[in-house]
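Form predicted on its own, single chain, as structure tokens, below.
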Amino acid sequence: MSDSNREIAEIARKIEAILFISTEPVKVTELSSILSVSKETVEEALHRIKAHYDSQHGFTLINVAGGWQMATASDLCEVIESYNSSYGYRLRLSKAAMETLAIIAYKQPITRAEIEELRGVRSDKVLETLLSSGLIRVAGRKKGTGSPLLYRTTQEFLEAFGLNSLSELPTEEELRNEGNIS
């Protein structure tokens, strides 16, 4: 093994340890700074780790919410869902909460009144639930009469739905083609 390969292997081990203990996605710039190596070196190490896990293990690395995080392999979703339904934690949202969350995700920043106008029902309790779960946050106030609060999604929202950014949300056309909206 060349000195360069040994160096990348050692950096990969350190990155793997950091990602294993991290509860949130870790950015390449953070890893680069912590390890005092270039971003390119970090990216090469991440791709080696990902290739290793993808070929032989129940884990993988995913690029989510602007950073890298260890996750279970996607082909094992059935066994994980079975475990979660029997023993684990599962994010459970009502239809009203999912509807409100979708409106916020696509229309953010948005006020409660705008949400209620789209839904046709009061949404204060649903907003409280989404705020307490960390899926949305208050993003300031809208200028104008009464200065109502503005809501937007959080990094926890991206993580919960396996998204790297909001641009990965399906478009209206994609949803129509899937038969999810009319």
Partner chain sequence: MTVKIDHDNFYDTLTTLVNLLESREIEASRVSVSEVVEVYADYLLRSDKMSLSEVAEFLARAAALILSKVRALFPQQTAEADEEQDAILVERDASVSEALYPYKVAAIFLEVLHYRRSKHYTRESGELRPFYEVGDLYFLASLWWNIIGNIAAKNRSSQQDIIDLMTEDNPEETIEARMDDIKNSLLELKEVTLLELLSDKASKSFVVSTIIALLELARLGIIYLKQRQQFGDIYVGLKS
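No experiment lies behind these values; they were computed from the predicted model shown. Numbering follows the first chain given and starts at 1.
In what follows, reference is made to the form predicted together with the partner chain, a form of this protein that is not presented.
The three residues Ser22, Ser74 and Asp124 all sit with a heavy atom within 4.5 Å of the partner chain in the model of the complex.
Just one of Val28, Val37, Ile49, Met70 comes within 4.5 Å of the partner chain in the model of the complex, counting any heavy atom, and that one is Met70. Interface membership of Gly66, defined by any non-hydrogen atom within 4.5 Å of the partner chain in the model of the complex, is ruled out.
The partner chain in the model of the complex comes within 4.5 Å of a heavy atom belonging to Glu178.
Taking non-hydrogen atoms only, Gly120 approaches the partner chain to within 4.5 angstroms in the model of the complex.
In the model of the complex, the partner chain lies farther than 4.5 Å from every heavy atom of Glu43.
Of the residues in 128-152, those that come within 4.5 Å of the partner chain in the model of the complex through at least one heavy atom are, in sequence order, Glu128, Thr129, Leu131, Ser132, Ser133, Gly134, Val138, Arg141, Leu149.
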